[in-house]
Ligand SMILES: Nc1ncnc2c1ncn2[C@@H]1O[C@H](COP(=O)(O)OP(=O)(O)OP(=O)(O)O)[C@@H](O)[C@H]1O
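Have a look below at one chain only, the form predicted alone, in structure tokens format.
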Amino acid sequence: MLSPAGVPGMTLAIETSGLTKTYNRRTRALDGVDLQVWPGEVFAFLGPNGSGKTTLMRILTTQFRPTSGEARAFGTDVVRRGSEVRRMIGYVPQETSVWLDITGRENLLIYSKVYAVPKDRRKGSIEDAIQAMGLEEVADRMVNTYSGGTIRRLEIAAALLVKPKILFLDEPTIGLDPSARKAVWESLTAFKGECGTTVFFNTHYMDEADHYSDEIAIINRGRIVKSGTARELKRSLNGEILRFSRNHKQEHYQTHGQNGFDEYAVKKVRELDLVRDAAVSGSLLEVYVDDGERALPLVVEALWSEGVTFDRISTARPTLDDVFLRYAGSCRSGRGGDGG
């Protein structure tokens, strides 16, 4: 196999084969996941809540054991040789993982001891991590005075102390405002460029996956349903998207359910010759077509014939949000067994 760089035989940074994880003998969080991540890539892993994202990351970081299948980091089995894997990776969970009642520098000193950074290298490693995440001005302040974005950068700095070959980030910018999110990613991008670290991250922010990732995989109900670059994924939808939205409650909601789009009407739309597919998300119906001008009157007629009314029609070219809704939008809520 050739890597994207054309180097034959290059060892994959992450590789899984037939990976499954079952909880309580009945809830299957992962269902035969095959995944390949090349060294130096920024890899985005997308999926609805409960789709298996966090379960996969916890297996790759040696926290969970899979029920079956294999997973390797740079050719090293994450189950049989977990201690070796832990020495080559960094991991930042969703939950706050630093102490708030001490300074940022003191946090990094503690983590340098936890990660067994040699004593004669600790000071240099701490300074490198501080600079990598742009924390020079706040390193000696109490963490409880930090903003949410600065705390996140400190947590990532702690994971960078060992200069990991793979950095795992579980929802790295969740809850942060746009400027804080941008600051986190600018620091991560600079560090990756300097050290060549592979970055594997889960996110619900489609713009992050679109702007910062080299490759993307979408998981739904424990299975990889689509993968590729952001451009490839958007091109997979082709054509245009016709959007029909309902912005106010009418009697029709009581007749046709919470979404306001009758399932038979949507089925009728899908069967039209000029329609590639249709998907409902909340009060929005999206219809994927090759030629919006020709398809629009046919779709409107099909909806009206089933008594379906709507408040607004718009058209758009596919975005990564559209890709997500197309391939994983049917499972937006959790189903137990996996937080992500």
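In this text, rigid core is short for the largest set of C-alphas that superpose within 1.5 Å between two forms. The structure displayed is predicted, hence computed values, not measured ones. All residue numbers are counted from 1 along the displayed sequence.
Missing here is the form predicted in complex with the ligand; even so, the following discussion is about that form.
Worksheet entry | Candidate from Val287, Leu60, Ala44, Ala29 lying within 4.5 Å of the ligand in the model of the complex - any heavy atom | When the ligand is considered in the model of the complex, the option within 4.5 Å is Ala29.
Item to complete: Scan Ser281, Thr67, Asn49, Gln36 and let me know which has any heavy atom within 4.5 Å of the ligand in the model of the complex.
Response: Of the listed residues, the single hit is Asn49.
Worksheet item: Is the gap between Gln94 and the ligand in the model of the complex 4.5 Å or less for some heavy atom pair?
Response: Heavy-atom contact with the ligand at 4.5 Å: present for Gln94.
Discussion item. Does any part of Glu171 reach within 4.5 Å of the ligand in the model of the complex? Heavy atoms only, please.
Written reply: Heavy-atom contact with the ligand at 4.5 Å: present for Glu171.
Worksheet item: If you check in the model of the complex, is His204 within 4.5 Å of the ligand, heavy atoms only?
Response: It does: once the ligand is placed as it appears in the model of the complex, His204 has a heavy atom within 4.5 Å of it.
Worksheet item: the ligand isn't shown here, but in the model of the complex, which of 52 to 60, 287 to 295, 267 to 275, 300 to 308 has heavy atoms within 4.5 Å of it?
Response: Among the candidates, contact is made by 52 to 60.
Worksheet item: So, does Thr62 move by 2 Å or more at the CA between this form and the one not shown, with the core held fixed?
Response: Comparing the forms between this form and the one not shown, which are aligned on their rigid core, Thr62 does not shift its C-alpha by 2 Å or more.
Discussion item. Using a rigid core superposition, assess whether Thr27 undergoes a CA shift of 2 Å or more between this form and the one not shown.
Written reply: Yes, because once the rigid core is superposed, the C-alpha of Thr27 moves 2 Å or more between this form and the one not shown.
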